[in-house]
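Given next, in structure tokens, is a single chain: the form predicted on its own.
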């Protein structure tokens, strides 16, 4: 007799800690996964290690790709357009090389046409607030102070224990619990990759009274104002992101002091912004990915920073995590409705194959940008110097200097199989 796998809504018991799917992590990736599952008719619950009043300081992932906005709009109508309304689209790209302007272009329609622009620039805390509202609208609960401590998988499902003593049962678990993922550790997956050589400073500077119409994203190579450090300045709703690449012998902790940051702000942005510093942090970029995105029984799927950590050039972190979450929900939806175990297993493996390939692409793309900015390759240094000298008469040279710090354009390749 043929074996049938029934849809989750007909197989789950009445135990409140039993769900078709569990999600570890209530960041943007975990919340996207919950919304994407709900859109596909699947019940879920979110387990979050931190408290509801957790600290979410800092603008963090401010650049939301158009593809991400379209995904959010598709899984919860109104969410993508709400973020568009809250965010801003800057029309001008400007780049300087050692104090000399080498590229400046203003677009008449920088966001393109239609309801969803090519991007929007909005603090991550705003994105998360709208996601929280969306979850509340559809009745998905976040279980705060519920740190995942053990994950046991079998061919039939997943058993999870949390730090508050609760036990949970599910058919599938999405691990979206960040770079220190306990879910990843529990399934025996390992991070592999490198760390940036130099530290970076990142700061939020408030724009009092709101931005004017003449917004620009500005990149400085070897800025004289910062003693030869690379500087990125990007507007977002309510403020500016100031990103400074430290030199090899810098002490990042000394540079992040209020006194030094005020000097940087004065020299890069002007005296009127000196007292507008709201948040500052230092960090090294990790370029790593898990050696597998699924467990041996194909019941756990890793997504977002639990699966990969990327240098931020090209804004691939949160955006790729949202794509992970949506594809994980799609794979699980098919697996739950499959009539055979083999088909269900194949769907989960296809998720892993596709998102591992995407992560490899994004790692390579961000790595190219990181090497371009930090590397000591003589050929790269000469190319930058030559492009800067030609920028006045050869626009393509200036455009290359403007584009290169963000890595190559394009999307990850689509695969139909992997190492499974």
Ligand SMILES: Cc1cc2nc3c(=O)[nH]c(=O)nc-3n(C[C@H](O)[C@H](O)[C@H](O)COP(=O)(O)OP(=O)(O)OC[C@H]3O[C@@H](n4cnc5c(N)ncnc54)[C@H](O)[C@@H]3O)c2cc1C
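The structure displayed is predicted, hence computed values, not measured ones. Numbering follows the first chain given and starts at 1.
Below, we refer to the form predicted in complex with this ligand, which is not included among the displayed structures.
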Stretch from 71-79, 171-179, 209-217, 107-115 whose residues place a heavy atom within 4.5 Å of this ligand in the predicted bound form: 171-179
Non-hydrogen atom within 4.5 angstroms of this ligand in the predicted bound form for each of 56, 147 and 241: yes
Residue 226, heavy atom within 4.5 angstroms of this ligand in the predicted bound form: no
4.5 Å heavy atom contact, residue 287 and this ligand in the predicted bound form: no
Residue 50 within 4.5 Å of this ligand in the predicted bound form, heavy atoms: yes
4.5 angstroms heavy atom contact with this ligand in the predicted bound form for residue 61: yes
Position in contact with this ligand when the complex is considered in the predicted bound form, options 319, 245, 237, 292, heavy atoms within 4.5 Å: 319
Sequence-ordered list of residues in 278-301 near this ligand in the predicted bound form, where near means a heavy atom within 4.5 Å: 283
